[in-house]
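The form predicted on its own is given below as one chain in structure tokens.
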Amino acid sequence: MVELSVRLGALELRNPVMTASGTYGHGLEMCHFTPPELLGALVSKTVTLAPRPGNPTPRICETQLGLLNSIGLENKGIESYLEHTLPEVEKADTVIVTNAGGESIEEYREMARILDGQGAVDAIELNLSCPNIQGGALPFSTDPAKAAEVVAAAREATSKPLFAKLSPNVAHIARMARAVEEAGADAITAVNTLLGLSVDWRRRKPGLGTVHGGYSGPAIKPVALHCAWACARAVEIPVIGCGGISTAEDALEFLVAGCAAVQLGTACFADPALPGRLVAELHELLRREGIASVGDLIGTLRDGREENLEARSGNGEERPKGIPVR
């Protein structure tokens, strides 16, 4: 047998496979494709204080290698979530993560306060990085100080584990990661969608009603992998990798790069049964490789630059400053 359980701070997941917010409903909608008990965790669609109608249509645009979306955090609000959704999700035999959104620090604080009293919620994922609200301004995911304010406010309002979901649309994601860690985040989700644009040149119109939107799918995996790796090197808290994952091989790449778990998103639209099947594929891959525990792979990436520096330092050559050797 291969041990697939992993830890995200105080939480123990039976395996490292999680769903990504906004791609799997609130979780139980897909239970006839993948029973929840097969997964490490279910992550809800983003919930906000007040109901949101979402953005104008069209909201989804298919591209050659993925999707552009501009849903705009459409949801029925926290009251409806607590009254109708959470009682059903509570039946799932897995870790439940509620993704919370907001447009102000006070909204995030209030969401954390309300969810703190819900026993069915095991952790709160703060959506700091949706590109489809406020005109794509990304106010809380491009400024480390503002991101830290949100996390600190939520930290004051709840004792539950807090995950900070970061954006790839920044110059230095490691700075963002350190900022939210210092503010009290228990884990980091890396990453949300890339800003993208689709154009119908014949009609002279964009593919989305909001012109630009969030790009996801297989093409963003190298970007997401780099972001997750950079975060894992920058912080001590766990990192959850997300972006372009559609196979067990993809998932293992993120784990080797330093992630403690992964989230599946866009690939689930085409194959809702993928999350459960991927768990079985992970087990089989590790068994064939003779790896007894998935935890043995986490953070084992061998950085060629650092190996070269080790070799050079062993030969009496001076190691360049500013590049650590671990």
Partner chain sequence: MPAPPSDARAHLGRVLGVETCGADGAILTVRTISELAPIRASRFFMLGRTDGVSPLIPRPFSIYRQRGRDLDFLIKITGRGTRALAGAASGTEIRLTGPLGNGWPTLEADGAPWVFLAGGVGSAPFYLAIEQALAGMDGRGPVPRKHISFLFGAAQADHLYDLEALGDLGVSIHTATDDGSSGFHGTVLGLLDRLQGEGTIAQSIRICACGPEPMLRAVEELARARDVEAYLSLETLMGCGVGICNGCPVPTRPEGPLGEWPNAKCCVEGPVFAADAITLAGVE
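As the structure is a prediction and not an experimental result, all values here were calculated from the model. Residue numbers count along the first chain shown, from 1.
One more form of this protein exists, namely the form predicted in complex with the partner chain; it is left out here, but the text below deals with it.
Scanning V279, L297, L286, L67 against the partner chain in the model of the complex with a 4.5 Å heavy atom cut-off leaves one residue, L67. For the candidate spot formed by G22, E88 and T266, every residue has a non-hydrogen atom within 4.5 angstroms of the partner chain in the model of the complex. Looking at I291, you'd find every heavy atom of it more than 4.5 angstroms from the partner chain in the model of the complex. Using a 4.5 angstroms threshold between heavy atoms, V235 stays clear of the partner chain in the model of the complex. Contact check for N75: a heavy atom falls within 4.5 Å of the partner chain in the model of the complex.
Remark: M30 counts among the residues lining the partner chain in the model of the complex, judged by a heavy atom distance of 4.5 Å or less. Heavy atoms within 4.5 Å of the partner chain in the model of the complex are found in exactly one of 153-161, 197-205, 173-181, 92-100, that being 197-205. Contacts to the partner chain in the model of the complex (heavy atom within 4.5 Å) from stretch 259-273: T266, C268, F269, A270, D271, P272, A273.
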